[in-house]
Every structure is written in C-alpha cells, then in structure tokens.
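The form predicted alone is given below as one chain in structure tokens.
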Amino acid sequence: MNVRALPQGGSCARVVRRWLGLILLLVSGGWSGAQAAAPAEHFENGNTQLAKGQPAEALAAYGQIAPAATSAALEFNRGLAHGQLGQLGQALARLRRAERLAPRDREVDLALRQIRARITGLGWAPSPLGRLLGRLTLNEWAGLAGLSWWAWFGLLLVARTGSEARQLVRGYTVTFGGLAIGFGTLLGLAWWLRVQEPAVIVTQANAAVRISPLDEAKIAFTAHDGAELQLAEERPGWLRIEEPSSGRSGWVSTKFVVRVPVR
C-alpha cells in the first residue's frame, strides 16, 4: 500500500488541523515576530515540495526547523516524506511521534496502518486496551485525573465547614471521589501500557543485533527495516533490545535505530 499523499485543500477540518499544527510548531519553538517567519517558511516550503512529489527536498526544508520544535502536523508530513522515499523505519518513527501528539487523528492512524503493511517480517500492534486508552494523550489523562482530584479535595474542604454544607455536597463528594480514583487508575494504566510498547525502531535493512555491545561481537540475528523492538538496557552507543514477536534479544548500535519518546 502506498503512503497517503499530503492533504491539500479539502475539508475544513484538514485546513484547521494544518494551521493549528503550524501555530503549535511556532509556539513550541518559542519564536516571535520576525523570528517566527523562518520556521513558518520552512514548514510551508516543505509542504509545497511534498505536494510536488519531491520528498527529499521536503525533508531538507523540514530539517531547517529547530529540533526542539515539533507538532503532529510536522511529524506527520515528515513521515509521509520518508515513506515516499522507501525509508520505512524513519517513516514509522515519525508517524508514531505524530500519534503521540494527536492520538485521535484518523489520517495519522491510516498512514501508520499503510506503513506497517509495507514492512516485511513479524510486526507489532497495540493491544485493544492500549488502543482504547491511547485515544487520549498522557497529558490529557493527567489533566482529567488532576481536575477530578482537586474538585474532590475542594468538596471535602467545603464539607468540613459544617453539617449543613456536608449534607449539601455529600452526593457530589462521593461522585468526584469515584472519578478521582477512576481517572487516577486509568492514568497509571495508560502510562504502564505506554512504557511497555516497543520504543526502538530499526531504520536500515538487516541491522545487526549482536550478542554484546561490541562491533566485533558475533551477530545474534538481524532486524529488518521498520522492526519495532523493546528497550531493555542502554549503554553509550548501544541499546540492548528484545524482539516482541520472538523474544530474541541482543545489542544494536544506535546508528541503526531511532527511539520513540514515551510522551
């Protein structure tokens, strides 16, 4: 399956998402005034090149934007560009980052499915529970938990002012207490499932996974481009990884992989 082309025009939702992504990009980079023109121009230039079918030029334009500045739109477009170049591991990593930032975006989800369909070998997919809890970002879960806990504590304080107030807020106190515990539990579960996901993605074909963190060490097995692996240990220049599908483990050079942040 081919990677979906960069959306041009179309629905109002796509236009709003595109400009919202650009605004978030500028805010996250901390630019203002004339300084904001540079990243905006690079972002638009990259979009233009990608729409023309020139993914290498698009990546070069996106690369001019400061590494600390990111958004779902930027990561999504970079993922499309890498996919058009056949760099499946890089595309998968970018799209998974976009998914972290916009977990309910259908275009991101579709692009991820298309890239995974192009990757050879046994793949990884989130569990049904992971998909369900992944509909919200960790920040959103934390926000719901935090609001419910503050509301509960506020009601408990009101209840301490007298018996009349206690009777008035009793039902609300019980409700928000249940919400606080529930959202807190869901936040913890969402975090636990997130850290269990494969966080290392191979970015080259037949990457050597060795029995020890040395270039001269024997090769335990090779990993295909786009393989999603779990991180077990980290040393300078090396990562000890585990293959979820087979349970095999070994050491891979950081030159051959990229990591997906938890948040």
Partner chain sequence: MVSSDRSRTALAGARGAGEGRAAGGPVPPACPRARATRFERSSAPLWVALVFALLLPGWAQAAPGFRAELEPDSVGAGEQATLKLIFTDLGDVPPPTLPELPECPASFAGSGRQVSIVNFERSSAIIHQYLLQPKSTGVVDIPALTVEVGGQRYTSDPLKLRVGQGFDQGQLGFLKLVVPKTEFYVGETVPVEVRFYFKHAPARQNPPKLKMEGFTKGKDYSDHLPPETLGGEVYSVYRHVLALTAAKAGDLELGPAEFETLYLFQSRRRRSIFEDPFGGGNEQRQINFSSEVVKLRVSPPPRVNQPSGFTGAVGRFSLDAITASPTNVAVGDPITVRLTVRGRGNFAGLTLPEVPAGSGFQSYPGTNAFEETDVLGIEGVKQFEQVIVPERAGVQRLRLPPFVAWNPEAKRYDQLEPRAIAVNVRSSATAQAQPLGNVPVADHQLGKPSAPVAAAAEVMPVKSNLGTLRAFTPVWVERPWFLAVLLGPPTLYGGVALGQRLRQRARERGPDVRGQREGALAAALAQLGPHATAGRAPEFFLALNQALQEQLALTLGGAPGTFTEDVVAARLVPRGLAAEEATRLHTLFETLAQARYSPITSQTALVALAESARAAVAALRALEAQR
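Positions refer to the first chain, counted from 1. Owing to the predicted nature of the structure, the values given are computational and were not obtained by experimental measurement.
A second form of this protein, the form predicted in complex with the partner chain, is not displayed here; the remarks below concern that form.
Comment: the partner chain is not present in this chain, but in the predicted bound form one of 168, 193, 186, 138 has a heavy atom within 4.5 Å of it, namely 138.
Checked against the partner chain in the predicted bound form, the residues 56, 68, 214, 219 give one hit for a heavy atom within 4.5 Å, which is 68. Interface residue remark: residue 90 is not counted as part of the site for the partner chain in the predicted bound form, having no heavy atom within 4.5 Å. Not displayed here, the partner chain is kept clear of residue 199 by more than 4.5 Å at the level of heavy atoms in the predicted bound form. In the predicted bound form, the partner chain sits beyond 4.5 Å of every heavy atom of residue 129.
The closest heavy atom approach of residue 83 to the partner chain in the predicted bound form falls within 4.5 Å. Along 130-152, a non-hydrogen atom within 4.5 Å of the partner chain in the predicted bound form is carried by 138, 139, 142, 143, 146, 149, 150, in order along the sequence.
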